[in-house]
Every structure is written in structure tokens, then in C-alpha cells.
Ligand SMILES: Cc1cc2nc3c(=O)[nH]c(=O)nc-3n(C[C@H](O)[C@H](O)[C@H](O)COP(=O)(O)O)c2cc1C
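In C-alpha cells, the next block holds one chain alone, the form predicted on its own.
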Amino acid sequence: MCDHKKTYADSKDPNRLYFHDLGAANENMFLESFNQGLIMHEMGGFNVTLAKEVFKIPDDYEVGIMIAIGYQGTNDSLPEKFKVKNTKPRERKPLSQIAFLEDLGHVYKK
């Protein structure tokens, strides 16, 4: 599980970039896991309150994601419903559905 502190350790000021830090840490873990021959699977569908309780995470930390890291198994070891899903071609959303371009001239002073 990855979490990140919502305040800076030295000043205790709010860290408005804590989820950015979480994303950067997640990406580095992903790359190193792959480098070591491991598979990393990020999960967002978990009970945050229960995770904080079970792992005794202080209130000044925000739980962002749960991560499983391990070795790749075979399709034969999966339950039937996942075997079918695992063999279907993956479809990606078009870039136009996930990235937005807008004239931001009004936001920035020239």
C-alpha cells in the first residue's frame, strides 16, 4: 500500500502535492519491480478506512492506492472468469477522451 503525508515534515505546512508525490513513488516502484522481473498491480477499489485501521496509518497520511507485487503466474492458474478476461484484446481509450486542450491565455498574465 502506498500513502503519502499531507503535510511537510519540517514546517507542518500543507503539502498540496502529496498525490503527485504518491504518483512519482508509484511509477518508480513500478519501474524497479519490472527491472527485477516482478509484476506490480495497482488497485483503487479497497476500503480506505479499514486499510488505515489495519495498517495503523496516522491521520496526517492519506491512503491513495493498494499495490500487489509478485511474479507473473500462468493463465491456467486463474479462475475461469479471469481466464476469459485475460485473453481478450485490450482496448485503450482514445487520447481525446483522457487529455484536454484548452486556451489558457486568460489564466496566465502576458
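Residue positions are given as counts along the sequence shown, with the first one as 1. As the structure is a computational prediction, the values presented were derived from the model and not from experiment.
We do not show the form predicted together with this ligand, though everything after this point is about it.
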Should E32 be counted as a contact of this ligand in the predicted bound form, where contact means heavy atoms within 4.5 Å? no
Indicate whether this ligand has at least one heavy atom within 4.5 Å of a heavy atom of H41 in the predicted bound form. yes
So, in the predicted bound form, is P79 in contact with this ligand at a 4.5 angstroms heavy atom limit? no
Taking any heavy atom pair closer than or equal to 4.5 Å as contact, tell me whether G45 reaches this ligand in the predicted bound form. yes
Heavy atom within 4.5 Å of this ligand in the predicted bound form - the one residue of R90, K12, R16, K93 that qualifies: R90
What residues, if any, in 65 to 81 have a non-hydrogen atom within 4.5 angstroms of this ligand in the predicted bound form? I65
